[in-house]
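Given as structure tokens, the chain that follows is alone and in the form predicted alone.
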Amino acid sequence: MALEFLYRQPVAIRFGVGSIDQLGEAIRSLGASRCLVVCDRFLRTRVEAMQRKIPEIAAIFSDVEENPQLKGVIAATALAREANVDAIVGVGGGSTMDTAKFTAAIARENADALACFKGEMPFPKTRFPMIAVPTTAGTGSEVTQVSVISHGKEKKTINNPVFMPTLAIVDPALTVTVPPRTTMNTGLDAMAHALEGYWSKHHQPISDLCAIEAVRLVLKNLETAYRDGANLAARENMSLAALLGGMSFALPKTAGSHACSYPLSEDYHLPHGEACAFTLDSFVRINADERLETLCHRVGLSGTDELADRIKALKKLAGLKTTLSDLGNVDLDKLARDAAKHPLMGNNPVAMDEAALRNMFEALK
């Protein structure tokens, strides 16, 4: 069968230690004169210091929750309009990126956040340019058109080209102060992105190459970054792994592990990366085939069993949850049902219905 695929990556990427120093120049390169910076709460002081050097930073929004809420988008949008900005910058982890993306998509025009969230109103055709500055190594959000936002108990993954950042500034030095547990969570999220993009039903050659290199970098550097956060070489390699992981799944999309992560996060309050990692080694064994064996050999492993074992060992090293008993009182029927009905489960190369998922979770007792 003839090979056919479409690859698209419209984000300009500035990668390197110290690249955050180019933020002012980057804002001006977009033709912007007044920008809103959306950042994590604990980064506000640092962004305020940046504001004193970059006059184009007109306003700062830092009221971002760990699982970003639509009310945060609404507040950031109101601030952007009040400050009369012409660009948005997101500085932080995945939650900040998602908030900044949504804000950039609706703030320029008179769009209603709730109506867009519910699908009652299309996202505007024009948006503010947006610069993504990740401070963790995992989400890959700087190169994807995805925004994950919650409204009350409803959590939605919205995939729309309007969310694609204009520019990504990836400075590994920004990740040096990330705590060990968060380093492991985000690093395993990058691993999940790469593997799921690789085995997704919609995988393609360029994404596959990014995935293989991302997996190799995570296996070689995550434990070092976890044990020694000041190791800049490991941090640099993990930032690259996260970037490549984002490129791995941006078009093919993720699959089974991410589908399971939603009920694990919503009902059992696992952080996103830990929720994805909870089933990742299980899906490595479930999805084991010739292609996955090839990936393992290319990254220096003996095969899929070793890959699954390495992932499990990383989880145990950081004390992440690995069994059902770790979750507490589990409604197994609901967990399997909710995971089975998530749209991302349809991307998994091996069909997984409620019964199959229940068996998988039961094996994690």
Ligand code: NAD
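Note that the structure is predicted; figures quoted are calculated from it, not measured. All residue numbers are counted from 1 along the displayed sequence.
Omitted from view is the form predicted in complex with the ligand, to which the following refers.
Chemist: Which residue among S248, S257, T103, T186 has a heavy atom within 4.5 angstroms of the ligand in the predicted complex?
Modeler: It is T186.
Chemist: Within 4.5 Å, heavy atoms only, which of N84, N160, N231, T177 is in contact with the ligand in the predicted complex?
Modeler: Contact residue from the list: T177.
Chemist: Which among 207 to 215, 111 to 119, 281 to 289, 132 to 140 is in contact with the ligand in the predicted complex, heavy atoms within 4.5 angstroms?
Modeler: It is 132 to 140 that comes within 4.5 Å of the partner.
Chemist: Would you check, heavy atoms only and a 4.5 Å threshold, whether D338 touches the ligand in the predicted complex?
Modeler: Outside the cut-off, so no.
Chemist: Would E66 count as touching the ligand in the predicted complex under a 4.5 Å heavy atom rule?
Modeler: Contact check for E66: yes, within 4.5 Å of the ligand in the predicted complex.
Chemist: Check whether V146 has any heavy atom within 4.5 Å of a heavy atom of the ligand in the predicted complex, and answer yes or no.
Modeler: Answer yes; at least one heavy atom of V146 falls within 4.5 Å of the ligand in the predicted complex.
Chemist: Does at least one non-hydrogen atom of H151 fall within 4.5 angstroms of the ligand in the predicted complex?
Modeler: No - in the predicted complex, heavy atoms of H151 and the ligand never come within 4.5 Å of each other.
Chemist: Heavy atom within 4.5 Å of the ligand in the predicted complex: which residues of 80 to 103 qualify?
Modeler: Heavy-atom contacts to the ligand in the predicted complex: G93, G94, S95, T96, D98, K101.
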